[in-house]
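The chain below stands alone and is given as structure tokens, in the form predicted alone.
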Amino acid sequence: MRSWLTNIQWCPGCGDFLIIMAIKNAFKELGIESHQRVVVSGVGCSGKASQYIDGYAAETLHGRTLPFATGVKITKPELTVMAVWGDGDGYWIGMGHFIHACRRDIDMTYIVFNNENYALTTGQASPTTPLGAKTKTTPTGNTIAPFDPVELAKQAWCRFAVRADSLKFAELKQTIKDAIQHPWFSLIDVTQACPSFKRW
């Protein structure tokens, strides 16, 4: 059997590795088999995530992961549906879908791989880039304050909105398990390393 690491397309040290392993372990520990789940991803570094997890999967258009995942859940409510995005994909391009997914409160888990930049396109500022951070599009320092997606989700009536850290693997895995078992919409904003472009 071929290892999922064989064709990996992330930089060494990327937090995506840990997030994927936490997701895979959560599914295993909850006994959710590959034919019982679907992982929907977008565009960006996190976009490959759906390819690295056994089961039904879809890699969708930039910013359109949540509407696609919503359609899957409405059509096949018996499936465990997980949507994964990056912070640029989900909090900038897909912001409208994010807010309304919180409001609709359909049973699915939304995990954001938050590296605070657009890493796939070599490190532009994203909606979560800290003030003062120097990126390709903010060479003298970011002047736009980042927003807090967890608080924003709560304001949109999301009942499960939490922040996690990819380096705290056991906690992340448990948080993912809790989110999957939550019978409504759940958001996990995962802070992660980006050794190639996150240098703040």
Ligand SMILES: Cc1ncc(C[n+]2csc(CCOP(=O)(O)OP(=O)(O)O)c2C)c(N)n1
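Don't overthink the numbering: it's just position in the shown sequence, from 1. Quick caveat, the model's predicted, so the values are computed rather than measured.
Keep in mind that the form predicted in complex with the named molecule is not shown, yet the notes after this line are about it.
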Next on the checklist: Within 4.5 Å, heavy atoms only, which of Ala133, Ile32, Val43, Leu152 is in contact with the named molecule in the predicted complex?
Outcome noted: Val43
Checklist entry - With the named molecule left out of view, which of Lys28, His62, Arg159, Arg163 would have a heavy atom within 4.5 Å of it in the predicted complex? => result His62
Checklist entry - Does Ala119 make contact with the named molecule in the predicted complex, using a 4.5 Å heavy atom cut-off? => result yes
Next on the checklist: At 4.5 Å between heavy atoms, is Ile99 in contact with the named molecule in the predicted complex?
Outcome noted: no
Item to check | Partner contact for Val72 in the predicted complex: the named molecule, 4.5 angstroms, heavy atom | outcome: no
Checklist entry - Is there a non-hydrogen atom of Leu79 within 4.5 angstroms of a non-hydrogen atom of the named molecule in the predicted complex? => result no
Next on the checklist: Using a 4.5 Å cut-off on any heavy atom, which residues of 77-93 would contact the named molecule in the predicted complex?
Outcome noted: Gly86, Asp87, Gly88, Asp89, Ile93
